[in-house]
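Next up: just one chain, as structure tokens, the form predicted alone.
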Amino acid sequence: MQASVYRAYGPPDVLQLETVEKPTPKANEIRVRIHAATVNRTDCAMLLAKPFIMRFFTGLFRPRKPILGTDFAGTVEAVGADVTGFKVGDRVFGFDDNGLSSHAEYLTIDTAKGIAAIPENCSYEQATASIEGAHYAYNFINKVQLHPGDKVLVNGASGAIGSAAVQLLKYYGAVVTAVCNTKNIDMAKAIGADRVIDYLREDFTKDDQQYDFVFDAVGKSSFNKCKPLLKPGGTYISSELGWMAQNLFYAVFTPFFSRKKVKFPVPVDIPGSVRLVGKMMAEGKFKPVIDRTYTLAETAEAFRYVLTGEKTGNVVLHITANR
């Protein structure tokens, strides 16, 4: 099979299209013919091994898994002897932030992991673009007590996590203010934002409104800057550790010393996230934002674009023809 392979950490130039052995499913696994995957922020961290802590998960000196990719959508081609919940021909999608080696024509996955059937009304591209961002967005929301009518500001509302967060928050009845750049204002409104702040024209941290929650989906602000935006008892959550890992420190101490808190969104329960987004897609209440699509042979180019930090929503790899 064809796969995008890297054998050393580095820039996208280290990625090469190679022919590698097609995987064989174990008793509890299925083999999936992949039609689409994404190139996302997690993939970029694994490629570059940055921050350095990534090496403790991906390999200290060189990658343990030579194929990147954390999500996929495709069709079941083979099932292991103990598999009962899936059959050949099923359309499935899935995610694992530890890596699934999905930048390839085939993969195998344990059926106990984050995998589900693709809703009939969704394409492979839509399905794969619905997972990674939604998983991290949901792990913002499930760290707080969100009630209908709560006011939430989402910084980075045009990214994969931010655009998913806006839709999930609206699903739960929140009033959402989205922060994005000028070109994405209409998109933010289209996915449900009640109000939009263009950060190119105004500093959202100087907003005259206060919020129950501030979700920094790009990790480019800080608790100290956003603190005036929070109501007493409000919570700030960021997708990043922050300077000198300050968000971990704040998450430990602010509950005791401040009426405004920081929580850190440890992303657990991937199967739950996949089931939720599948349900929302089937109901027509979640639509992923797709910026660009590349072929498997163009994987390095896709990484270069994602690394610019300028993408809107998701970047999809179209890997094999839909059948």
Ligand SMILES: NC(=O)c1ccc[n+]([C@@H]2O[C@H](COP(=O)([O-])OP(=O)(O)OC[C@H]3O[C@@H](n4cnc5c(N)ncnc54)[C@H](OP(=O)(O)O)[C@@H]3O)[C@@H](O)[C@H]2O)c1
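Residue indices: 1-based, along the sequence shown. Since the structure is predicted, the reported quantities are computational estimates derived from the model, not experimental observations.
Below: the form predicted together with the named molecule, not depicted.
A heavy atom within 4.5 Å of the named molecule in the model of the complex is found for one listed residue only; from Lys220, Arg195, Lys113, Lys231, this is Lys220. The partner is absent here, but in the model of the complex a heavy atom of Asn155, alone among Thr235, Asn155, Ser101, Gln167, sits within 4.5 Å of the named molecule. Residues Asp71, Ser130 and Ser273 are none of them found to lie within 4.5 Å of the named molecule in the model of the complex, as judged by heavy atom distances. Though the partner is left out of this view, Gly94 does not reach within 4.5 Å of the named molecule in the model of the complex, counting heavy atoms only. Using a 4.5 angstroms limit between non-hydrogen atoms, Tyr136 touches the named molecule in the model of the complex. Using a 4.5 angstroms limit between non-hydrogen atoms, Asp13 is distant from the named molecule in the model of the complex. The closest heavy atom approach of Lys206 to the named molecule in the model of the complex falls outside 4.5 Å. Per the 4.5 Å heavy atom criterion, the named molecule in the model of the complex is contacted by stretch 236-244, the sole one of 105-113, 86-94, 236-244, 222-230.
Contacts of stretch 149-174 with the named molecule in the model of the complex, defined by any heavy atom lying within 4.5 Å, are made by Asn155, Gly156, Ser158, Gly159, Ala160, Ile161, Gly162, listed in sequence order.
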